Ligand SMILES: CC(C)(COP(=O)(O)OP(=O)(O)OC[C@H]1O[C@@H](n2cnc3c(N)ncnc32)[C@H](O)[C@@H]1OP(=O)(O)O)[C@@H](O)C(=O)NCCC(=O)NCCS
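Below you will find one chain, with nothing else, as structure tokens; this is the form predicted alone, and questions on how it binds or moves follow later.
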Amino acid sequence: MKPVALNSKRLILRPPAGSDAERLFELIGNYEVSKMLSVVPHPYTMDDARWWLGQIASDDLAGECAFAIDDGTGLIGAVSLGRHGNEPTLGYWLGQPYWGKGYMMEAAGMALAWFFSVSDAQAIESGALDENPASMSVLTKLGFGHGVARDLNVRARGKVMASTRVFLGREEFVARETA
């Protein structure tokens, strides 16, 4: 799947670009952000940013894609859709200055609508650390449910943390979108 540009009233979801490296480094390099993500190291380097942008631009991602979340000033976060196991997976992060503004709900909702329109997947999974109720609130509002406890290796912290995995079916998402 290749991401396309998607627009809402406040945001643009677009393919990440090499020019996003500095903002990516700045925003995800903030420990308050990286400590809530499983695969992001801390400290996060410019080499890490360049590697991720190169990986996302690659044609060899086995169906995974990512969108840069752009508020008109440049990258403020990202939403990814891909396979990490048996089910397609939604991942996301937002730079700390942009928390609490409803951006992730808007961005993830657009990404999910696009995903279900271009794939034949019947469900998608996601999750959050148990100590991150704001992230779980986004998932719940999007319709994710059926939580399953799971230990998650958090690279930035170098330890395993308690998390909850949640699931969203195509039918549930479509029903919420048309209600």
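Numbering starts at 1 and runs along the sequence shown. Fair warning: this is a prediction, and the values are worked out from it, not measured in the lab.
The form predicted together with the ligand is left out here; the points below concern that form.
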Identify whether the ligand in the predicted complex is within 4.5 Å of every residue in the set 99, 102 and 137, based on non-hydrogen atoms. yes
Within 4.5 angstroms, counting heavy atoms, which one of the listed stretches 143-151, 127-135, 43-51, 110-118 is next to the ligand in the predicted complex? 127-135
So in the predicted complex, is the ligand close enough to residue 37 to count as touching (4.5 Å, heavy atoms)? yes
Might residue 66 be said to contact the ligand in the predicted complex, defining contact as any heavy atom within 4.5 Å? no
Residue 33 within 4.5 Å of the ligand in the predicted complex, heavy atoms: yes
Counting only non-hydrogen atoms and a 4.5 angstroms cut-off, does residue 75 reach the ligand in the predicted complex? no
